[in-house]
Structures are given as C-alpha cells and as structure tokens.
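A lone chain, given as structure tokens: the form predicted on its own.
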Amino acid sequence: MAHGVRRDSPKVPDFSLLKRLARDQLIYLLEQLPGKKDLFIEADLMSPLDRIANVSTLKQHEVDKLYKVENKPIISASDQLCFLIRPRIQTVKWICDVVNADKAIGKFRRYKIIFTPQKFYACEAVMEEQGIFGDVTTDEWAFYLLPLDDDIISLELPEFFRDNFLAGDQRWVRTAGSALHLLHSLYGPFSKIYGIGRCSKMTYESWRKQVEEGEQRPRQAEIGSVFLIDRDVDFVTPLCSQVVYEGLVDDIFKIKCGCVEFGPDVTSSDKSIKVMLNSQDKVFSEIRNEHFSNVFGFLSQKARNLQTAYDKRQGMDIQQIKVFVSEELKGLKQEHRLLSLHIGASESIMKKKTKQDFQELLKTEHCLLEGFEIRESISFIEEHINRQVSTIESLKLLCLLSVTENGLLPKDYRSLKAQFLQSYGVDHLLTFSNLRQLGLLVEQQPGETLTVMESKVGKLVNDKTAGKLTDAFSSLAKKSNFRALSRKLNLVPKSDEEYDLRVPRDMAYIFSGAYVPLSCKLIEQVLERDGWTGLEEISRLLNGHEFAVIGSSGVDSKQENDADRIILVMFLGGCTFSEISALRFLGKEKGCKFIVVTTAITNSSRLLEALMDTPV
C-alpha cells in the first residue's frame, strides 16, 4: 500500500460495559414481576441471552422454569408467566391465545411481555384487538448491542436486511439509531461521521434527533470517526466464497453469537463441543484472519512449538517440575485442546470443500469478477444447476454473474431461470421476484448494455442541474455499476502479478488476491480523503446518499488524536467475516483500529436465504 505501515495500534474501548448494562436492565425488568415465574424465550433470543445472563443468573431472580416459545399450548403450571420476545405480530398472537385459553377455563395468572429491543404499536394493536390489552403488562428491554469480541459488536437483528431492503419496512432504523446513540453516550463524542446509503442516512438522522433531545455532557472521547454503510452498496462481497479461516468456519459450521458447535467429525469423539470463537482463544486469534492455504502450516508449527514446551520437562529437578505444573501445564493443556479442535475443523473444511469442486467454483467467481470467460462461466453455472449441486450455490453464482455484468442478456436470463426452476422447483418464482426487486438478479433491458449505462452515468456526472440529477439517478436505481467501480477503485488487482498469500500486500488477500472488497475500499478511500471529495463519481455510481459531518469532540488535541485512531464502522444489513478480516488488515497497515458494528453477521447463504420464500 502507498502509506507507511504503523504497528502501534491503539487500545480499543471496553465494550463489556454494554453486556453489564443489558444484564442489569433485564434483571430490573424481571424483578418488576416479584415472586416465582416461568420465562418463555423466543428461539432466536436464546443464544444472545446466554451471552448476557446465563440460567443461574435468571434462577437467582426467581425464574423457575425456562421454555422456548413454540406455536402450541403451554404446559406451565406457574401463576406468573413472563414472555421475552421480538416485536413480532405472530408471537403476540400466540400469547393472546395463551391468555384467552386461560380466561376460558377461569384460570387466573399474571402475564408480563418484555419486547426487545423495542415494542411496536402494531403489537399493542393486536393485543387490543384480541381483548387482552388490560390483562398483560408490557415492557421494553433496550438490548441493542451484543459484543461478540473486542472489535465486533452485533445488534443480532438478522431480519433487518429483508425488512429494510426488500420490504421497505423502516421500523428497525430507529433501533440502529438508538444503538449508535448508546455508543455515543458511553464512548463518544464522535469527531467525524461518514456514510453512504439511504438507510445509513436515515439512521444518522434518527441518531442526531436523539442526541438533540438528550442531555449533553462533556466527556473524553474513546471513538473518533464513524462510518455508516448500507449492505446494498456492495452485494458483490457477500456473494463471493469466503477463504479466510473464520469465514470458512462460519460457512460450514455456522457461527452463532460468536459460538460454534463442532461435531464428532471435528472432535474425534462421539460428542459435540461448543466453542467460543474470540480473541481469548490463543490459537484461533492467530489464524482467524489468515487465508486458508496458510492455516495448516501455522497449526503444524504451533504443534511443534507445543511439543517442545512439553519436552522441556525432561531433566528438570523436583522444584522446577513443581513450578512447571503450577504455572505452565494448565495453559499448555488448554492450548493443546484448542489446537486439536482447529486442526480437526481445518481437516473437515478441506474434505467438504474438495468434495464441492471448490477450486472450480473459485475460478468461476474470479472470472466473473475480472469480466473474463463469461460464456465459460455461464456453462459452469448451467452444469451446477443441472447437477443440482446446491440451491444456494447456484443462486449465488447467478446473482454474482448478474451484479458483475449489470444484468443478464435476455436470452441468458430466460434460459438460466428456466433451468433453475426445472432443477429446484417452480416455488422459486417468488425468489426470482425478490432478487429482481433488489437488483441482485435482473435482465438487461434493450439499450442498457454495460457501455450504454456507463455513458449515461458519465453524462450525469457532468450534469450541473440538481433536479435532473435526482430524477435521472432514481431511474438508475437497483442497477449495478460494478465494472465501472472496479476500474475506478482498482478492485481487481492485475492478474499477471504473482500474489503471495503468506505476505499479503493489500485487502485482496481475503479473496486469494482476486478482489478487494468494495465496502472496505470505500471506507479506506473516504478516510484517506477525510470525506467524499474526489469520490463524487464513485458515489453517483453507487446511487448517492453519501454524507460527511464533522462533529465537535470537546477534548484536547492529544486525546482527540488517540481517539481518532479508533474507527467505528456500522454495517446496516449485515457484514461478513471476510470484510472484518479486511478491515483488521487495513487497521494494521494504518496503525488504527476498526470496530465493526453490524445488524448481524452474514454470508452468501444467509443473505440469499433471507430473500427466499421457499425453504431450502
């Protein structure tokens, strides 16, 4: 990279405070219902709740039994029922049925509903309609942020992506704004705020409104700049296969709330083991951001080092052995256990990825990113579909083809769609409709070839009339300008250069040197320029909605400089582990630290499953 390497990364703020606040508020809400009670928890809240308050904590505050919310009659005999749920109408209707069933048989109980992260008017309207509004008490558990690691914080709202970008439902925007407000209250004030995307702009406005309404107290800033980015600004990155270790573990074993369950094929026993994946795991912290091709070499070296540490017991006297056992042995055993787990996971990844012709898949993706051998790539996709390899894999390749080529030629679109529906079922017509609506899988219209679209955008860039620009760009919405963006931002490094994955030179290493993630490149460029100056054409190719605001931190310049090296990036609609690895690499290069805040951790499977109305 052009800039000099700085290794003195600043210390990140202590985000464990977010957990403590969430736990204390939940305990307070549970104590509002004094005495023994049964707690019903919505399924997708169980993992986040486990990270905040475990079963023993709940038991200490008179929670007798725990149940999962299921769409069937309850078996609880308790006189007090507490429901911890998301603000979903379907779940509220089920609670109404529970209450009305009790009323029908003359059973008296006390009911409390705790909505998280907030309650919506629609839920209260359902309770009123079902005649239980006066029978239940309701509260909000403002649980906005779950720290998954030192530099990753999640809102744990996977539905944010579909609700906002597909359904146009903006109810979660205030939640995102409130999450930002909480970070600002605890770790702010922020010196600069940048963003791109319609949702980012609305989130910023929601946060600003909350700041203006709240009380302003001067404090020392712990976070400098903030960058807000919409997921639909960059769909290419989550559609590419992940090849960094953490990304592959997520793709294959499904990381949930920073925790993964390794089955018997990894543990070499008949048991499954749950493992917390974070920087506390010494082995994982060293390989999580590595390209997978480097992982086995590192693990074997680690195994040799561990053996050497064990072997030094030979020739020790009694006193030395005593010190060794008390100070080192426990740590070595723990490291040995983790090492064997990650070796097992790596072997499992190797087997699965070889079986799926992973190298051929990567080669096709790289061709699509570079714009080479498109006909050969289409043939590979057709073969993939006709062999019924995987619904998600086939959809991913179709979307990547469409996004990189600014839509498919009509004959290709019709042919590939027909083959897909024949292979995987006509139920997926709804999926195709959703993908078209988002601009992920579209048919080129006459006169909308890549060259014509680029010339249209070029003309718009030079158009000085603001009104015309707005109207013209709304007509270009949902169109991908990936090829033009790739050239202007140099997203695809020259293929004639040898790329050493052991010593990566830029963020492209996360995709084997084939592609620098657009989202991360944008962040880098805006931070380097201290705004969008010089990036006007880029922002227009991305359909605009960019902003840059300079705040006032109210601290002296030395403190401000320290804080300014902490940069918070908020992904609205999900973020991949590949992007997190890229930002960690960029942080090391720049001598700064990126904190990633995301509505949820995503990957190609989760992204596409959110848009499918048919189970995979």
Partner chain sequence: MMKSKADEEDYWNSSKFKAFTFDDEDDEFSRLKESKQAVNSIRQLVDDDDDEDDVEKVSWSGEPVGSISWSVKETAASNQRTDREPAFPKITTERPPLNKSQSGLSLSSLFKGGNLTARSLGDTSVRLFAPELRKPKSEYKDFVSDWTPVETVQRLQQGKAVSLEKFRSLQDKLLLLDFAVAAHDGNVITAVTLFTLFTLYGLEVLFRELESRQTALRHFIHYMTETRDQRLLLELLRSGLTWTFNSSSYENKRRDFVKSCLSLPFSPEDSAHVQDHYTLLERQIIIEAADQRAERDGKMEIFQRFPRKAPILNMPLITTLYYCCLYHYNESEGTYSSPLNIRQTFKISEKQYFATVLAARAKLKAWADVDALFTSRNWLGMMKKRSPLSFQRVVDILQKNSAPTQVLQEYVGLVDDAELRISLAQKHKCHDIVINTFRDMKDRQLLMEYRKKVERGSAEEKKIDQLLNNVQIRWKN
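Positions refer to the first chain, counted from 1. Everything numeric here is computed off the predicted structure, so don't read it as measured data.
A second form of this protein, the form predicted in complex with the partner chain, is not displayed here; the remarks below concern that form.
A.B. asks: In the model of the complex, does every one of K37, I273 and H366 come within 4.5 Å of the partner chain, counting any heavy atom?
C.D. replies: Per the other structure, none of K37, I273 and H366 touch the partner chain.
A.B. asks: May I ask you to state whether E537 is within 4.5 Å of the partner chain in the model of the complex, using heavy atom distances?
C.D. replies: Looking in the model of the complex, residue contacts with the partner chain do not include E537, since no heavy atom lies within 4.5 Å.
A.B. asks: With a cut-off of 4.5 Å between heavy atoms, is F547 one of the residues that contacts the partner chain in the model of the complex?
C.D. replies: F547: yes, in contact with the partner chain in the model of the complex.
A.B. asks: E215 versus the partner chain, in the model of the complex: is there a non-hydrogen atom within 4.5 Å?
C.D. replies: Although the partner chain is absent here, E215 would touch it in the model of the complex, with heavy atoms inside 4.5 Å.
A.B. asks: For K302, is any heavy atom within 4.5 Å of the partner chain in the model of the complex, or not?
C.D. replies: No, K302 sits far enough from the partner chain in the model of the complex that none of its heavy atoms falls within 4.5 Å.
A.B. asks: I need the one stretch from 150-158, 252-260, 82-90, 290-298 whose residues put non-hydrogen atoms within 4.5 angstroms of the partner chain in the model of the complex.
C.D. replies: The contacting stretch is 82-90.
A.B. asks: Consider the chain as shown here, without its partner, and state which of L586, L45, A53, L33 has a heavy atom within 4.5 Å of the partner chain in the model of the complex.
C.D. replies: Contact with the partner chain in the model of the complex is made by L33 alone.
A.B. asks: Between the options E347, E335, E382, E286, which residue brings a heavy atom to within 4.5 Å of the partner chain in the model of the complex?
C.D. replies: Of E347, E335, E382, E286, the residue with a heavy atom within 4.5 Å of the partner chain in the model of the complex is E382.
A.B. asks: Quick one: which residues from 114-138 get a non-hydrogen atom within 4.5 Å of the partner chain in the model of the complex?
C.D. replies: Heavy-atom contacts within 4.5 Å come from Q118, K119, F120, Y121, A122, E124, A125, V126, E129, G134, D135, T137, T138.
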